[in-house]
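Below, in structure tokens: the form predicted alone, a single chain.
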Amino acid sequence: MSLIADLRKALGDAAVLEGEAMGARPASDMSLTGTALPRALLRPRSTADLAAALRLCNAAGVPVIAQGGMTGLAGGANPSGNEIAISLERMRGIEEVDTASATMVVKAGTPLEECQRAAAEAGLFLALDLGSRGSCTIGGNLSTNAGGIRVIRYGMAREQVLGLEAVLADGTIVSSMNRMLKNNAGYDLKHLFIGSEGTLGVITRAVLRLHPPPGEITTTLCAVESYEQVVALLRRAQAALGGIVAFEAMWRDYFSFNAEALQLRFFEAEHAFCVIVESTMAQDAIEEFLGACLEDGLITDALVAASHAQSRQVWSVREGHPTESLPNLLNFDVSLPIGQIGHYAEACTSALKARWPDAHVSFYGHVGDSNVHICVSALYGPGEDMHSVDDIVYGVLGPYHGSISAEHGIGTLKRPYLHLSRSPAELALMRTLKQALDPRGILNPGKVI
């Protein structure tokens, strides 16, 4: 009996799609670099179904790829054409919200926004937040250790997880659904799977940590004239405003391009940087803080959002380029020591402009968590492609001892550059873990390492 026939027998015909029945979605994540459909697409309904599927695929030596919301930007969920893709979209739902322990038990295929709503309805707050919240799924968020706009206060996705369940390559179910904040009973196995991009096991359920609602959030937009002042504003805001909720810096080219495209204007003049600061402090305290910053010359202008609509306008500028006006647009996601980000941005821009003088190059980032994003749009000459841009962006990063991936993962697109951020000993240990948990190498092959 063929593998596909075995899978149909184990999961049912409706859970095994082939050919045109799969549609185009399984071919590529949002990087749009995938070009091939998988051999088949499985749609299990339960952890037991997934375990049965992996057991069969492992026995046959056929590679598999777990797919969530397909919102990634590193090619981590893209098939090459020979794999079996497994969509977790039917493994969806909130199993429980425990207000006493402030936890949520959720299935991996549940969209992030659905989890946020369920937490809010229970009077609690799920801190993880991404622009793709309506499409990305918890399984994908955890397998890539997603970051987002609340990291400065609450940490990465990893910090939001108390326990999880995963299925190994051979179909073994590892259920470690811990609900306690303190649990030092041996190795914390969840960290094997969080951030491993489906190469060590497939996450199926998780216990998420919830928080008290942050209260009313006030959005401010500050005009700043140097990167050194951006860092000084960050430290002053953290000291004066307590636990700020977000701190997002936009370099002039990024802010001006998006604001113009959206036909929005916030300040009379253009400024070197525009910084979004969100805080839960009372508005009079925020206004006093801004007044002192203006008086000291730390900022040159400021705007306090007067409504949710105006706050959304500010964030709409931060949330991205209208891609139709920028050919070959590439988005990079790197991290490096906060004090070096300004120097790196200047060096990277200079190197890219030296190669493509007419290129659009712009920067924005969370800054407070060491993360900066780079947008590059260039018209390539003969023999040039996106990898020519990669070589420059990551090559310039090397001397700063930064990371080629702050929050988007490695996938296939960053794998050739992983050695710039990880030592030979670290890479060897990664391969040891991969061999131990997936000896036949069927889980998301060719990704990460």
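Start at 1 and count along the sequence shown; that's the residue number. Small disclaimer: the values here were computed from a predicted structure and weren't measured.
The form predicted in complex with D-malate is left out here; the points below concern that form.
The partner is not drawn, yet in the predicted complex one stretch among 407-415, 41-49, 56-64, 379-387 has residues with heavy atoms inside 4.5 Å of D-malate: 407-415. This chain is displayed alone, yet in the predicted complex one of 135, 328, 331, 238 has a heavy atom within 4.5 Å of D-malate; that residue is 331.
Between D-malate and the residues 150, 318, 271, 107, the one pair within 4.5 Å by heavy atoms in the predicted complex involves 318. Contact check for residue 97: every heavy atom lies farther than 4.5 Å from D-malate in the predicted complex. Residue contact with D-malate in the predicted complex: residue 193 places no heavy atom within 4.5 Å of it.
A residue is said to contact a partner when one of its heavy atoms sits within 4.5 Å of a partner heavy atom; residue 73 meets this definition for D-malate in the predicted complex.
Contact check for residue 255: every heavy atom lies farther than 4.5 Å from D-malate in the predicted complex. Of all the residues from 350-374, those having a non-hydrogen atom no more than 4.5 Å from D-malate in the predicted complex are 364, 366, 373.
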